[in-house]
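First, one chain by itself in structure tokens, the form predicted alone.
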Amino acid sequence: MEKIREEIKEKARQALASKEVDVILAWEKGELWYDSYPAFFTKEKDIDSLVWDSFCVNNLSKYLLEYTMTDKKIGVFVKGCDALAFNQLVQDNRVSRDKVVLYGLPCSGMVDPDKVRTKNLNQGLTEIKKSKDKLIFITKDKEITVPAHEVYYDKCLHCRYPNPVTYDQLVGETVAAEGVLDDSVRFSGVKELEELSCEERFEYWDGQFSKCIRCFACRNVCPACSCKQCTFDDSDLEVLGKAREDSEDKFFHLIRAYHVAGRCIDCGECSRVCPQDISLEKLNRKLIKDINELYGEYQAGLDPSAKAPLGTYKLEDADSFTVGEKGGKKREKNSKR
């Protein structure tokens, strides 16, 4: 990644020097070995601290919202998931395409610090190098080589778009779309829950949501949660009380899931940042699976000009709300939009 990192730095310097952009959005290294966090760069001299390593997991497109109300032009480095998020923000009219320059970064996966700790690979760690499908963990005394898939984030193992789906300039070479692409595997966790009884499903989700500490990390990191003011922050509405209540925690997660339905890009950031390990990806994928079955396969963020399945209406749309004795048109199998 060192070669690509230098290309990224040079691209960022040139963009600022030529006034192609006013700001560069990328990553910077923190104090800890796994800490590579989003950062804004406005001066050429600061580009030296820009990094591109195995821990640049944050979806940068979410941070573009800070610049939506300014006249500044911003350059942002986007992985596959970041590019999907960017397209979704454009489709939601939250980001102006002509104010952003996209530098595409092919990405084969990011390293999960928890998996590194579990394997005790973090002791004295100074550098991680990639060699094809393996990662080399380097310390002062030794080098340990492990298969990359053993330490990648679960969400990266299921990535369907390792290469950015949109960009103005591409940095580096595209990578093979490895990992889980088959929907039977992608939705396997959802199908397992669907096979449970109503009581068993309720018990499962009751246990999941009861872990919530209402930190709102899932909402804050989600590119589809882009409202200028969130309903749950409006004190006048009194949607959520100050004290934690199980019923309100369930209400928050279910309403948020429905708010992003049809717009969730399945980037897995909500599950990654949840300090309580709530299986939010299963909830989101359940809605994605239902939408695909009702209206035909749809990938949010793939094409910002495409009509979203829940944003348009046709008379022949599947109607699963009024069936049988209550009247209404019975839903046909494999109904398409």
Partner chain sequence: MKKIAKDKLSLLWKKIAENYQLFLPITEGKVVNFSIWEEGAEVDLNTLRTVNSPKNIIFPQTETYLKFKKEGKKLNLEVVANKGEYVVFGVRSCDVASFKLLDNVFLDEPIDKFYEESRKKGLIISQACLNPQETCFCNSFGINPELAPEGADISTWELGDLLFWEAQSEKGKNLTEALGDILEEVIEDEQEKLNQLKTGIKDRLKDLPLAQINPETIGGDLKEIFDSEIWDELHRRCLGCGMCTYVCPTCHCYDVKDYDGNKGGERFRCWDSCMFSDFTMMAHGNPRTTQKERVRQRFMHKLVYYTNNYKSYACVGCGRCTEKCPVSLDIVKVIKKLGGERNEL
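Positions refer to the first chain, counted from 1. The model shown is predicted, which means the values in this text are computed figures rather than measured ones.
The protein also exists as the form predicted in complex with its partner chain; that form is not presented, and the subsequent description refers to it.
Enquirer: In the predicted complex, which of 79 to 87, 168 to 176, 117 to 125, 101 to 109 comes within 4.5 Å of its partner chain (heavy atoms)?
Expert: Answer to the contact question: 117 to 125.
Enquirer: Pick from 149, 160, 130, 214: which residue has any heavy atom within 4.5 angstroms of its partner chain in the predicted complex?
Expert: When its partner chain is considered in the predicted complex, the option within 4.5 Å is 214.
Enquirer: Should residue 54 be classed as touching its partner chain in the predicted complex when contacts are defined as heavy atoms within 4.5 Å?
Expert: No, residue 54 sits far enough from its partner chain in the predicted complex that none of its heavy atoms falls within 4.5 Å.
Enquirer: Can you tell me if residue 302 lies within 4.5 angstroms of its partner chain in the predicted complex, counting non-hydrogen atoms only?
Expert: Although its partner chain is absent here, residue 302 would stay clear of it in the predicted complex, with no heavy atoms inside 4.5 Å.
Enquirer: Is there a heavy atom of residue 154 no more than 4.5 Å from a heavy atom of its partner chain in the predicted complex?
Expert: Answer yes; at least one heavy atom of residue 154 falls within 4.5 Å of its partner chain in the predicted complex.
Enquirer: Does residue 143 reach its partner chain in the predicted complex, with heavy atoms at most 4.5 Å apart?
Expert: The answer is no: residue 143 has no heavy atom within 4.5 Å of its partner chain.
Enquirer: Suppose contact means any heavy atom within 4.5 Å; which members of 253 to 272 contact its partner chain in the predicted complex?
Expert: Counting only heavy atoms within 4.5 Å of its partner chain in the predicted complex, the single contacting residue of 253 to 272 is 272.
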